[in-house]
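As a starting point, one isolated chain is supplied in structure tokens, in the form predicted on its own.
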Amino acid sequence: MTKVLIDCDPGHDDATAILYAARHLELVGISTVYGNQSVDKTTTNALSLSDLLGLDVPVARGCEQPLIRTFRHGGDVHGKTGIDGAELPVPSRQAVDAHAVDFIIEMAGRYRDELVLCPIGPFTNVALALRKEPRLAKWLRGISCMGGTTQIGNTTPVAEFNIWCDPEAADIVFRSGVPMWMVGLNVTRQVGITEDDIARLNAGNAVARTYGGLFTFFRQRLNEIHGLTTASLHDPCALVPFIDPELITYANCPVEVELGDGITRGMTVCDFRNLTSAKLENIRSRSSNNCHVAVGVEARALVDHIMNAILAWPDRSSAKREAATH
């Protein structure tokens, strides 16, 4: 079974990715980063979700700002807590002492050649880990991320939020030489929870109902901001290559991150050109392939697969209450 470490900023879709990974993969750790809210709040959310799901995995708190610029946490999409819409348990434990950067290095060294790292928030922790430990790039089996897009963005016309937050960090990761999979908005916006799906969740156990509440809030905010009719399941898509690779189609190509100060800052430039000559006067040559980029998805089949994982998840809090009464 594939070992995975999720680097995240929970986040409604992050919450879904954590459950989806724990259902189908060996989730060995969670690291947190700023993004959907402050790192204090995303860390609390990761710990609360671990309690909700009964997960016994270490959670490491990470970076609170990008490498260069200052990030302001508005909670525009995910709310004041970063995961509005349902009441999560108060965390019963704390994050581990190690910073997320050191935690990533430690876990990659422990599971050398086995660990897949899944950044589904800003890439700051991962970039700093690669810089701090040059051997990390050789230790990892791969990096599978939710970020970027081959089409329109959500934060700017061409930039997706996770990459836009810290383009310099994303640039370091894409240039690292680690085998990479990228699933961006061009695919993830097709994978969405509908009103009927939410009704199914609300008819389930306490865990399913919690996710029903989360998706109700998330769907409403995405409708208000972007005019979408579903709650996008962005982050779980990053796990698909190691769960059911037939559900998403990828194209291997060069990906570069725009680092300028203009309107294209944070754009993921995916070069799908088919050039037959590398020496042309007025045509930029094609760089070496560095990423498998998602270009197609069996959207409804993937939504159903994720829904089944949520609906099948046991209500461990209920089991604990029953055990306490006997």
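A quick note: this is a predicted structure, and the numbers were derived from the prediction, not measured. Numbers for residues come from their place in the sequence shown, where the first is 1.
Beyond the structure shown, there is the form predicted in complex with a small molecule, which is absent from this document and is the topic of what follows.
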Contact test in the predicted complex: L185 vs the small molecule, heavy atoms, 4.5 Å: yes
Contact label in the predicted complex: T42 to the small molecule, heavy atom within 4.5 Å: no
The small molecule contact at F161 in the predicted complex, heavy atom, 4.5 Å: yes
N36 within 4.5 Å of the small molecule in the predicted complex, heavy atoms: yes
Answer option from A170, I120, A129, L239, heavy atom within 4.5 Å of the small molecule in the predicted complex: I120
Answer range among 94 to 102, 250 to 258, 153 to 161, 110 to 118 for contact with the small molecule, defined in the predicted complex as heavy atoms within 4.5 Å: 153 to 161
